[in-house]
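Given next, in structure tokens, is a single chain: the form predicted on its own.
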Amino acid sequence: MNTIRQFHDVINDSNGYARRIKKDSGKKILGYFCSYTPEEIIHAAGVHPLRLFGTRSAIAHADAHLQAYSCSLVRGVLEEALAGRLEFLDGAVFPHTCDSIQRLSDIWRLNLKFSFHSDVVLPVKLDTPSARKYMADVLRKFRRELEMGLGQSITDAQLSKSIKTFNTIKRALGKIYMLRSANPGMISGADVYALVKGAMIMDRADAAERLTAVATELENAKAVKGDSKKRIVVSGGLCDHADIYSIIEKSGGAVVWDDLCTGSRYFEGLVSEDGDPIEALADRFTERVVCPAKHSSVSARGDNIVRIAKEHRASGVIFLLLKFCDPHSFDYPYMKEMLDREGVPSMLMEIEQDLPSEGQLSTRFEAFIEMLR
């Protein structure tokens, strides 16, 4: 499918794509680090939001500012910036999530001279009466910061238009995920990975159009019969490795859903297109499925992974936890315990920016999937 190939091309050279966006459109580009970033507000300002991932290069500069036990995402992005490979950025947005991202914000501000810098301090506890009001206040503050930084206003009409664009992206990704769950053989895990990651990098109007086309084409495709692979759900923070999906498939599994911020947590929960757009965004951020950086109940994340496993008839769950990511590590024991109680097998694998050899990964995945048989 040619459209999917275009997404692969974008994610394989995301910096080059960003440079072309800047050259061709003249848009400012703001980098961001987390799915709690209010992309719609950035987009409404006529600015291109760009999700920043790690680096494929060796760490040569970042270790002077960060401990070696910081996760590879934080160290990798700082390395890219300090090495001058993110020169196309006009600034960055830092939602306060984990400690590492919060400290990265300080290091970034002190050592890099981009024109715009914003800390979006969203509430952590979402189950209190004041959380919803606080959420809306923070989003309004960010809107004002953008307006002051850019010297232009962001109208409600512009914001509502951006919300519709992002909702189109979310609907298309949701449909693609549902089609894959119903018939895993119709699209590879690596292709779904490319679509989700590409949606965080590409021009959003272009991404919305292309993702809708992919969803329609898959919907009209013939079912792939006789697929005997074990149905797998992947959980964790982010998975920036297409190879993992391919190795799982070679090992006899098929990823039918996920609980990742580079996956279902990114697109689940549409923003209302009626009324005050800031209030609508606040509703979505308050009600969306949480990650370990937010709290809605003591069992919210465990309840969610159990729900996903049941709804998508998963044979097992693979936890892919970024090494040194304490928030996800803290949540893992009770999530595993809740899956155990429901009779859903799981396995844990720590990953880094540089993966172990394919042979090592295959051995572990094959052993787990063989156990599921």
Partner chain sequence: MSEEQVKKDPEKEKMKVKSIKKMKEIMTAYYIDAKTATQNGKKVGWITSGGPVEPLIAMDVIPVYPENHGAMIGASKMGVDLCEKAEDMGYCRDLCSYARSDIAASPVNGGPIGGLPAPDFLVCCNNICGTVLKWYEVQARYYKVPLFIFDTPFCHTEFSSEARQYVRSQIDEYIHFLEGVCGKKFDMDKMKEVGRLSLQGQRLWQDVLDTAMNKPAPMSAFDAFFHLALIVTLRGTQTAVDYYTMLLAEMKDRAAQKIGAVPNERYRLLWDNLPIWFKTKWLSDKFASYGACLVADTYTSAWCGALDYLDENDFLGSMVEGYTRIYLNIGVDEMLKIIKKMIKKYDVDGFVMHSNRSCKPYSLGQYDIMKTLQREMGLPSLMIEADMVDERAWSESQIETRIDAFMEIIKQKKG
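A quick note: this is a predicted structure, and the numbers were derived from the prediction, not measured. Numbering follows the first chain given and starts at 1.
Same protein, other form: the form predicted in complex with its partner chain, not shown, and the subject of what follows.
Here the marked residues Ser35, Leu179 and Ala221 all miss its partner chain in the predicted bound form; none has a heavy atom within 4.5 angstroms. The stretch in contact with its partner chain in the predicted bound form, judged by heavy atoms within 4.5 Å, is 100-108, chosen from 233-241, 264-272, 204-212, 100-108. Of the listed positions (Ser228, Ser130, Thr155, Ser115), a single one reaches within 4.5 angstroms of its partner chain by any non-hydrogen atom in the predicted bound form, namely Ser130.
Only one of Lys161, Lys250, His295, Arg171 lies close to its partner chain in the predicted bound form, with a heavy atom inside 4.5 Å, and it is His295. Within this chain, Ser315 is remote from the site of its partner chain in the predicted bound form, having no heavy atom within 4.5 Å. Remark: Asp9 does not count among the residues lining its partner chain in the predicted bound form, judged by a heavy atom distance of 4.5 Å or less. Its partner chain is not drawn, but in the predicted bound form it has a heavy atom within 4.5 Å of Ala64.
Taking non-hydrogen atoms only, Arg85 never approaches its partner chain to within 4.5 angstroms in the predicted bound form. Within 4.5 angstroms of its partner chain in the predicted bound form, the stretch 141-178 places a non-hydrogen atom from each of Lys141, Arg144, Glu145, taken in sequence order.
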